[in-house]
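Only one chain comes next, encoded as structure tokens, the form predicted alone.
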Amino acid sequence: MAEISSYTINFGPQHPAAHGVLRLVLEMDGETVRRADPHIGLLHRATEKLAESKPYNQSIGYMDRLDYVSMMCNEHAYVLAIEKLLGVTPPIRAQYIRVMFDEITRILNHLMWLGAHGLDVGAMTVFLYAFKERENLMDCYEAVSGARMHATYYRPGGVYRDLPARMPQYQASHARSQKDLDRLNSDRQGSLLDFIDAFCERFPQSIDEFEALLTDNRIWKQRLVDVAVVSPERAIQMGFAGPMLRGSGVEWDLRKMQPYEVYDRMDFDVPVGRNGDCYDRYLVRIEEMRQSVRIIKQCVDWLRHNDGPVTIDDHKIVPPSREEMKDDMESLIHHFKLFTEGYCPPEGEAYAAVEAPKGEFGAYIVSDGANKPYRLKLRPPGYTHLAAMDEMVSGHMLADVVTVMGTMDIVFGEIDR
């Protein structure tokens, strides 16, 4: 019989480890991958094109749906770009709130990544541990915006509203005992800041539990150590960002290098790897969660002792309060004009980038003076990482393809936007 030297297989999009809609065409030599060709185009949302057809403030909700695990960080880049065009600066309290929620979002993202990556590689328990912690942070999203995922909380000029003075409570139900109810509500007796503070006190212990399950687990190390090694020089050449870049030993973090909002006032460290393999990228993300807790604690402490407005006082950009709108004709006109026409930034262009959980997420807006962007271009980190798939998996086994996809932390909403 003739020997088959190589063959081509489809990996995904229906594969449970393909993160939704990734289709990989793999050229295999036995169990070894010769070539990997990622196909995108199965989730095209046309976000950039849609944003060019509606007023600026109506596209903020679209940003949540890009990388739908890093919701508020996506909003942040878009809102910062609009603020650059308008030439406005949000109040200092709003900046602290934004930084706090950026870091809450980073923990949310890394917990999702840890659970999914563990599941892909075969460590099932950590998935349940991670999701248990995510629920608490989702409650913070819900408390400020009313939505658990797609918050639309950041607005040009500040944030939608101030932090609530009381956390929502679990209600009595025939499905849970009074003892369970008291336990669930024990951290919810005070404000949102009290709830976040209590979370920050206990979360480092949860990270220790994740590490006890994985960090020195020999099976975990066999699957991750020395897989998909990327040198620092190559990581820079391929446009890596975030933990993918820092895992290769490059100490680049926009929060330190190009500080935005109040990150220059924060005391935190930037973790970097040594070997540039999947295991180092895992360790970097674990340490990032610990550093995020440090930043959140500093924000909570400042917000407790400093009151103030959370939006600018310009009703051409920020709507008046409901009370004003119901009582004052001029406020009613502002409200009506803002939500039907929006605002018209001056002609020009602006690029704003944030250190999203996956790397540099940027928004580039070109304004022609109209009430909608002439052009919107988004720079998601996942797109450049996916482009490196072929180089990272070539020469590895088929089972390592799943590990590499996990280490990239791919979410397709931002890639196929």
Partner chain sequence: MPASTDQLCQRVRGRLGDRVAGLSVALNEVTLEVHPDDLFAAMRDLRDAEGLAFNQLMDIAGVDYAAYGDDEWITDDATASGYSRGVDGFSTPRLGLTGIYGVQEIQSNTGRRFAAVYHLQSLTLNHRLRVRCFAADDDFPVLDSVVAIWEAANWFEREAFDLFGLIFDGHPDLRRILTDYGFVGHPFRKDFPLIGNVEVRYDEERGRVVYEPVTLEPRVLVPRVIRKDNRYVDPESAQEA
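Positions refer to the first chain, counted from 1. Here the structure is a predicted model, which means the values were calculated and not measured.
There is another form of the same protein, the form predicted together with the partner chain; it is not shown, and what comes next is about it.
In the predicted bound form, the residue from 310, 254, 116, 137 that sits within 4.5 Å of the partner chain by heavy atoms | By the 4.5 Å criterion, the partner-contacting residue is 254.
Is residue 205 close to the partner chain in the predicted bound form, meaning a heavy atom pair under 4.5 Å apart or at it?
-> No, no contact at 4.5 Å.
Proximity of residue 177 to the partner chain in the predicted bound form, heavy atoms at 4.5 Å = Residue 177: no, not in contact with the partner chain in the predicted bound form.
Though only this chain appears here, would residue 411 touch the partner chain in the predicted bound form if you measure heavy atom gaps against 4.5 Å?
-> Outside the cut-off, so no.
With a 4.5 Å heavy atom cut-off, would you call residue 59 a contact of the partner chain in the predicted bound form?
-> No - in the predicted bound form, heavy atoms of residue 59 and the partner chain never come within 4.5 Å of each other.
Non-hydrogen atom within 4.5 Å of the partner chain in the predicted bound form for each of 238, 340 and 377 = Yes, the whole candidate spot contacts the partner chain.
Could you tell me which stretch in 244-252, 214-222, 164-172, 126-134 has residues with non-hydrogen atoms within 4.5 Å of the partner chain in the predicted bound form?
-> Of the stretches listed, the one contacting the partner is 244-252.
Would you mind checking 28-42 for residues with a heavy atom within 4.5 Å of the partner chain in the predicted bound form?
-> Counting only heavy atoms within 4.5 Å of the partner chain in the predicted bound form, the contacting residues of 28-42 are 37, 38, 39, 40, 41.
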